[in-house]
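In structure tokens, the next block holds one chain alone, the form predicted alone.
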Amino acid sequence: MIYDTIVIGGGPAGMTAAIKAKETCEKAKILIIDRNKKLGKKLYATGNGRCNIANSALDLSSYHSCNEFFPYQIINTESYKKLKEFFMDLGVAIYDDGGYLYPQSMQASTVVWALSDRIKHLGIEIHTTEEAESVEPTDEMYGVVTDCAEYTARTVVAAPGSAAAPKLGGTESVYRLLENTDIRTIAPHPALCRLKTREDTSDLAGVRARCRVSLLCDGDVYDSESGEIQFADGWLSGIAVFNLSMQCIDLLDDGRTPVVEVTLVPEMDEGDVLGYLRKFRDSNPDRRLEAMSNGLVNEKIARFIINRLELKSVTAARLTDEELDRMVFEIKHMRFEISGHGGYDESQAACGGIDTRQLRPDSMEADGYKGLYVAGEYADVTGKCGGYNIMWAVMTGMRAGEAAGKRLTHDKNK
């Protein structure tokens, strides 16, 4: 059988692409192939099961790609509205939590069921527990080889995801899918993951703190994030760290030495912190340094700072002005040299993938391969935490699906 469209991948990008292709060309014979037992497996786990589907806050730090401006040719204020309309049409009411969009039910299952039900309603064929291994261009067609069959299609949407989260279906084999084409792949690596420190942080294990986290290297500030940091034995994590991990790993891969700077008590500047410590010293001369620091930060952090600075003073009264200045600097500029990062098994996403310089932003079609489209995380675009990756997946799935449907309609009308 020759299919009009084969969609490789049953995540948000693949499901959206299949829906849009069928809605654009009603007579199209469409097949979705997915390696998991059911569609949307990774989507179920998104946002701790709440499924943050989009974010209205956009700037140049929202997405990471070797083709820096490519994501913003697709993700903008208009596409944000289009995404909301798409989900409302599926029967998913949207809840806007300060720019973070969720299904009103706050359940990922609402989104998965809505997409799955529309796919079934449209009569789209689904093959699960089947892994696509290669796409092979033939005369005006594409051969799709899986681990158990071979298919032919007029158009193909490649949306197999990435290597991230193997327990949810991620695999490095996806990067071999288009090996029989000339389409380039940007070397992939884990993203949105924890970072390994050279310093011993065992004394901080289990601590969470509100802060501002900055990525530094060779005196330059690459990016900063506000939020919560989590300390573990030899590791830094938390959403703020995850968002910096993409650029940090790029620096590590380039053989450089990135540094994460943690700014504690972000609502106070250095003068405020110094004023607090001086007043504490004057008002509580007999209290220990741990108590002095603990007025501002977690007690484990207080002890860590005292040990790191090798402060010999026992009580506040004995603390010199120079030692106070050093404490202030450490509270506002606590630095950790980064030596490694978490693997795919613990990353939320992956950087790298299909080089977007070979993709058309209006359709996600690959240059030189008519009818071959790329969508979702398979392209070299990775968003920060907070709904950006699902928004990217859905919007690219819409463009790829609509473009495939229009091509099919045009060909059938010849």
Ligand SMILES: Cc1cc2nc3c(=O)[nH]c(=O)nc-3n(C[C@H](O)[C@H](O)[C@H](O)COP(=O)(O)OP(=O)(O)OC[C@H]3O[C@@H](n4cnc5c(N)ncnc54)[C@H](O)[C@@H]3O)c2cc1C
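Just count from 1 along the sequence shown to find any residue number. This is a predicted model, so every value here is computed, not measured.
Below, we turn to the form predicted together with this ligand, even though it does not appear here.
* Does this ligand get within 4.5 angstroms of any non-hydrogen atom of residue 115 in the model of the complex? -> It does not: once this ligand is placed as it appears in the model of the complex, residue 115 has no heavy atom within 4.5 Å of it.
* To do: Indicate whether this ligand has at least one heavy atom within 4.5 Å of a heavy atom of residue 132 in the model of the complex.
  => It does: once this ligand is placed as it appears in the model of the complex, residue 132 has a heavy atom within 4.5 Å of it.
* Proximity of residue 380 to this ligand in the model of the complex, heavy atoms at 4.5 Å -> Looking in the model of the complex, residue contacts with this ligand do not include residue 380, since no heavy atom lies within 4.5 Å.
* **Partner proximity in the model of the complex: residue 33 to this ligand, non-hydrogen atom cutoff 4.5 Å** => Yes, residue 33 sits close enough to this ligand in the model of the complex that at least one of its heavy atoms falls within 4.5 Å.
* Specify the contacting stretch among 364-372, 22-30, 346-354, 66-74, defined as having any heavy atom within 4.5 Å of this ligand in the model of the complex. => That would be 346-354.
* **Contacts with this ligand in the model of the complex - residues in 1-28 whose heavy atoms fall within 4.5 Å** => Counting only heavy atoms within 4.5 Å of this ligand in the model of the complex, the contacting residues of 1-28 are 8, 9, 10, 11, 12, 13, 14.
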